[in-house]
Ligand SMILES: Cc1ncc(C[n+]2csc(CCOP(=O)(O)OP(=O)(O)O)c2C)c(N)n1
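Given next, in C-alpha cells, is a single chain: the form predicted on its own.
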C-alpha cells in the first residue's frame, strides 16, 4: 500500500500502530487573504523545486553519492515559502537546523552549489566540508544549518542582539524542530531574548515527531506555544500546510518585530512525509490513518487545487511546470558531480586552531 500526495510517495506497507492513535493537531482557523496570481505561481514553482530537490537528493543518497545523513524537508514547504519570502535578506538573517536544504533554496542559493555540498565537492556552499547538516552562506545571510538539536537557537539570539545593539532594522529568523524545546538552550535563549527585547523570530516546525517520539509523548504541554508563553513573549500557532496562512503570519509578525524590537515564537503545524532521516521509514510509530489525513492537506495539493479551481492554471500546465523544474534540477545534479573533492590541506582552513 502507498500513501501518496500526488507529488511524492513512499513505497512500503505502513502497519497500524499498536499504541493509541495520537490526535492530529488542529490548526487555527484563518480566512485566506487574497494573493495575486504571480505570487501564487511563484510559490508553486518554489514548492515544486523544494519537493523535487529532496526527491533527487534522496535518490543520490541511495546511489552512494552523499555521505553522512540526509533529512528531507518534503511536506513542510509552505512553512519555508511563507516565511522566507517575507524576509529582506539585505538586512535580515536566517539561522537553521539540520533540515536545511529547502530553506537554502528559498534564500536564493544555486541548487548546483547545494548539490555540490551534499556530494562533498569543493565548490559546494561550505566547500564540501559541511555536508547536508552544516550548510552556510554568509553572502546570502544564511548563518548555517546545525547538526545539534536546538544548536542554532542561541546563535539566532545572539544575531538578534547584535542587530539591536547596532541599531539596524534587521531581524533574525531561527528554524528548529519540536524536539528542540526539550533542550536547555531553548529556555535560556528565550529568557534572554525576552529580557533584552531581541528581534528574533523563533519558528518551531512542529512536524509531530522528535525523531520517532510523538509530541504527546515528549512534551508535557503538547501545545508548544504554551511552553514559550512562560517567557512573556508573543506566540501563535500557524497552519504550516497552508501557504496563505504562513504568508499572512510572516508579514504581520515581521512587521511587529521590526517596529517594536521584540522576540516572537511561532509554532508551525506541519508534517514530514519521510522518516526523520534517510534510514527511518517511520513504519513503527506512525499509522496509515495519520499519514493519509496529512497527505490530504499536502501544501502542494492545497495550492494546486486552488489554482485549478480558480482557473489560474490547468493540471497539464502544472505538470509541465513540474517537468521543467525536474529537468533544471537534473542538470544541476550532473553539473555538481563534476566538481572536485577538497584537498587534504583544506581540512585546516576556516577553523581556529
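Residue numbers count along the first chain shown, from 1. Bear in mind the structure is a predicted one, so any value in this text is a computation, not a measurement.
What comes next is about the form predicted in complex with this ligand, which does not appear here.
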Spot the stretch among 112-120, 165-173, 233-241, 143-151 with residues whose non-hydrogen atoms come within 4.5 Å of this ligand in the predicted complex.
-> 143-151
Do heavy atoms from each of 158, 189 and 264 fall within 4.5 Å of this ligand in the predicted complex?
-> no
Of 209, 254, 136, 93, the only residue with a heavy atom within 4.5 Å of this ligand in the predicted complex is 209
Taking the shortest heavy atom distance, is residue 124 within 4.5 Å of this ligand in the predicted complex?
-> no
Heavy atom of residue 128 within 4.5 Å of this ligand in the predicted complex | no
Partner contact for residue 179 in the predicted complex: this ligand, 4.5 angstroms, heavy atom = yes
Please check if residue 272 has a heavy atom lying within 4.5 Å of any heavy atom of this ligand in the predicted complex.
-> yes
For the heavy atom contacts within 4.5 Å of this ligand in the predicted complex, list the residues of 101-138 involved, in sequence order.
-> none
